[in-house]
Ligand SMILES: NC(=O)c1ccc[n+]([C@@H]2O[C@H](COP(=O)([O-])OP(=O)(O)OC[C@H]3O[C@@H](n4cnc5c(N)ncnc54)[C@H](OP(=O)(O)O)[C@@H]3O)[C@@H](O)[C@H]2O)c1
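Below you'll find only one chain, the form predicted on its own, shown as structure tokens.
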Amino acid sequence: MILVTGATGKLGRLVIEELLKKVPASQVVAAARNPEKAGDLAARGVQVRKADYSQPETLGPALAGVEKVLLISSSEVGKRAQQHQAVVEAARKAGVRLLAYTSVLHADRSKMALAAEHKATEEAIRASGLPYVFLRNGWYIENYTENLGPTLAHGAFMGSAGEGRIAAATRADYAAAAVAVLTGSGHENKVYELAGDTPFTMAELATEVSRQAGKTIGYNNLPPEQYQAALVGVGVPGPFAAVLVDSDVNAAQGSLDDSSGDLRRLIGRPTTPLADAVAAALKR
């Protein structure tokens, strides 16, 4: 059986849908903090089990009889390393044959604040002795396109990414890569740097949105302190705003760029073009 943690999240849902195209529903386990949110999956024959990263006692029963696990990283920045360690330990005790983990691009050398917990998790997985796969996901295009309303209303993106190139891909692309690993062979102890085929700058993203929206959208590149203040000013909590600013500053220095081609090779097709992702977002 194949278990996917965080199965009711945005990425987890996509992974489950892709899995169901390749394996019987009875061989798929959707692990979620709130199993009731996966009722629709249970109705389709998927096994739904409770697995809360912060409640280690739920993890052993969730992993019973499971051969492969996709550990989707926790959304609780600052708590991830400890939460992930609990899953790793439960997987070790369960004797899983493969533990795949959604890490971050260049986790072992990235200077982004977000990378620290991913690096720690990778180290814990290696130390466990379990066969592993590190799916080092780059940025999601949806980070920029999922909520275009305010950008269209104000006529600009804002940030501190400068001219840094961002090799983003869609969640669906990353989900397809995870499924390729979970259903394929020969991936044990591999590290994949996953990124979009065609990196773009924030100015280029603004140009594409302008073209498709029929109105001029700019990119306001701000000093980090001003960007931080602007984020807090629109209601983003200070600590999370600091993480976003740090990510942009590092993007300006190339931390979110990559040309390995790993993602394209894993999914067997080109990654989703920026124009297609923008078009899909504008239709919502």
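Predicted model only: the values in this text are computed from it and were never measured. Start at 1 and count along the sequence shown; that's the residue number.
The form predicted in complex with the named molecule exists for this protein as well; it is not shown, and the discussion that follows is about that form.
**Student:** Between Ser110, Thr145, Thr151, Ser73, only one gets a heavy atom within 4.5 angstroms of the named molecule in the model of the complex; which residue is that?
**Tutor:** Of the candidates Ser110, Thr145, Thr151, Ser73, Ser73 is the one lying within 4.5 Å of the named molecule in the model of the complex.
**Student:** Can you work out whether the named molecule is within 4.5 angstroms of a heavy atom in all three of Arg33, Ala51 and Ser54 in the model of the complex?
**Tutor:** All three within 4.5 Å in the model of the complex.
**Student:** I'd like to know whether Tyr192 contacts the named molecule in the model of the complex, with contact meaning heavy atoms within 4.5 angstroms.
**Tutor:** Contact check for Tyr192: no, nothing within 4.5 Å of the named molecule in the model of the complex.
**Student:** Give a yes/no on whether His106 approaches the named molecule to within 4.5 Å in the model of the complex, heavy atoms considered.
**Tutor:** No, His106 sits far enough from the named molecule in the model of the complex that none of its heavy atoms falls within 4.5 Å.
**Student:** For Leu11, is any heavy atom within 4.5 Å of the named molecule in the model of the complex, or not?
**Tutor:** Output for Leu11 is yes: heavy atoms within 4.5 Å of the named molecule.
**Student:** Would Gly196 count as a contact of the named molecule in the model of the complex, using a 4.5 angstroms cut-off between non-hydrogen atoms?
**Tutor:** So Gly196 does not count as contacting the named molecule.
**Student:** Just one of 196 to 204, 91 to 99, 137 to 145, 151 to 159 has residues with a heavy atom within 4.5 Å of the named molecule in the model of the complex, so point it out.
**Tutor:** Stretch 137 to 145 is the one.
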